[in-house]
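There is one chain below, alone, in structure tokens, taken in the form predicted alone.
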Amino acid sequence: MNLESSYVDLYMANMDLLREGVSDIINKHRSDAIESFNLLGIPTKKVEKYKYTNLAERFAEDFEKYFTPKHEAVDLPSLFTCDVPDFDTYKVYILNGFYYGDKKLLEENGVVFGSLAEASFKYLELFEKYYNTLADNQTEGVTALNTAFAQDGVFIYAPKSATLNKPIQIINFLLSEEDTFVQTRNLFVFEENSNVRVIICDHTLSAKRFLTNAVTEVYVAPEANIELVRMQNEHNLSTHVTSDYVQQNEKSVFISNTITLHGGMVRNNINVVLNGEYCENHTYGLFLSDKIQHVDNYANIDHAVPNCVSNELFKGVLDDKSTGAFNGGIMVRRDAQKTQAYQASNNLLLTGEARVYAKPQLEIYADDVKCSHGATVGQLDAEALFYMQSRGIGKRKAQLLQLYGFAYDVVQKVGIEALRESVAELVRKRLRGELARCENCSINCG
């Protein structure tokens, strides 16, 4: 039996369980999605966008797959306490793909957030209008697989002019006594002139193999101002695939920052469509890898209309035998005049065995634009190291100063001050060779 058939059979055998606990609006997309997946399958290196990451190999491994929540005898808030000083957030917990705790939706200053499954019953019109409208089930096999199996995740709805003074923090925990496959689905809807910040934190709390396939749809209405920070800090036995689909409308601002501190294999897919004039998009990423870890960032920014601005900056620091990849595309469509689009991928290799593959791309069909792209792969500056050592700075400290200066270009883009300071400290720890995890976590998941 091939890989696609095994997942299709798994779907057919568990259809009743998949349909329980969610509304018909989610269920009605399943059959088309599983058909798409059966045609597309899990991408291999033969697929151009996945040229440097063989996901099919990981998806073919043997994992337990649960279709009802596992009620672990654990108190997540006490097991894991965020270490950021004075970091006041609205916390939402996800355990092995299912909402943890009371599923009653929360509301603050008009902003509603909580379980995707619960929200699918209470916000039928919103789900009918937005759910599965941005996700690409036609060309992305992992997204189609998620749509077919989606059961729970996080829903956020910010009505017109709603503002939250504190970020919403989504903490995804993986905790199991067995190797486990997890799929989460998120839907974020930000209406006109809303202002919300969201933090997604990914953590493993047990030394088992985990495979995560997460899809997030983000609708950003005119003049909304949204920031999304993703912190990935999982152990070497984990494989994590994220697929974000973002649509921006007139005069909106969307900032995303993906910080990958740790993980066995990580693939981040970021897809943004600038669908209204005078949009502003900033997409940033930083990954730090060692041992045989692999991190692959794919970002595609689609300028569909005129007068929009986008900035992409991704950086990587690779040690030991780790590998990385960046595949970034900027599409400027025929009518998207006055576009300004900038893209850069910068990488440092700390050993002769580390490898990184960078593929920045521009596809421009308009003639009145300002666009640039580039990629660099190099090593620490020997002359700068010599200069610092000649001024009394030890070699190791000089190296760390250079590395931190290189990484800080991305760290400083985090707009939430308390989080930015914590990320900076975690990056420093990671560069020093320490496990970058919150101090108060009682599980050493390295």
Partner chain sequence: MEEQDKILHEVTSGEYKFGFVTNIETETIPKGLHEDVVRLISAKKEEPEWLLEFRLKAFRHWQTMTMPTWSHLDISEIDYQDIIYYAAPKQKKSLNSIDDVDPELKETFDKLGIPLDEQKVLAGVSGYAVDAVMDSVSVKTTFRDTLAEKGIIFCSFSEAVKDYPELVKQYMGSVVPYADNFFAALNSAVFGDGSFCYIPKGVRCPMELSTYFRINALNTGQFERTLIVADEGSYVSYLEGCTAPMRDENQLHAAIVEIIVMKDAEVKYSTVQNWYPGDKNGKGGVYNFVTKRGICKGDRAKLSWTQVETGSAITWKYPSTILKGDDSYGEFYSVALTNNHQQADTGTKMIHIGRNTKSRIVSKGISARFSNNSYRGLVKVLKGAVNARNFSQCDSLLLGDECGAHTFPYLEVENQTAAVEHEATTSKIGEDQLFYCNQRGLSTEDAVGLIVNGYAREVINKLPMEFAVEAQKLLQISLEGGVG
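Numbering follows the first chain given and starts at 1. If you're wondering where the values come from, they're calculated on a predicted model, not measured in any experiment.
A second form of this protein, the form predicted together with its partner chain, is not displayed here; the remarks below concern that form.
**Student:** Closest heavy atom of Tyr357 to its partner chain in the model of the complex, within 4.5 Å or not?
**Tutor:** Tyr357 belongs to the contact set for its partner chain.
**Student:** Can you check whether Tyr52 is within 4.5 Å of its partner chain in the model of the complex, heavy atom basis?
**Tutor:** Tyr52: contacts its partner chain in the model of the complex.
**Student:** In the model of the complex, is there a heavy atom of its partner chain that lies within 4.5 Å of any heavy atom of Ala375, even though the partner is absent here?
**Tutor:** Ala375 belongs to the contact set for its partner chain.
**Student:** Please run the contact check for Gly352 against its partner chain in the model of the complex: heavy atoms, 4.5 angstroms, yes or no?
**Tutor:** Yes, Gly352 lies within 4.5 Å of its partner chain in the model of the complex.
**Student:** Within 4.5 Å of its partner chain in the model of the complex, heavy atoms considered, which of Val253, Leu105, Val74, Cys371?
**Tutor:** So the residue touching its partner chain in the model of the complex, by this definition, is Cys371.
**Student:** Counting any non-hydrogen atom inside 4.5 Å, which residue from Glu128, Glu363, Glu280, Glu277 sits next to its partner chain in the model of the complex?
**Tutor:** Checking each option against its partner chain in the model of the complex, the one that comes within 4.5 Å is Glu363.
**Student:** Would its partner chain be touched by all three of Arg334, Gln337 and Asp367 in the model of the complex, meaning a heavy atom each within 4.5 Å?
**Tutor:** Answer is yes for this spot.
**Student:** Tell me the stretch among 257-265, 92-100, 343-351, 308-316 that has any heavy atom within 4.5 angstroms of its partner chain in the model of the complex.
**Tutor:** Checking each option against the 4.5 Å cut-off leaves 343-351.
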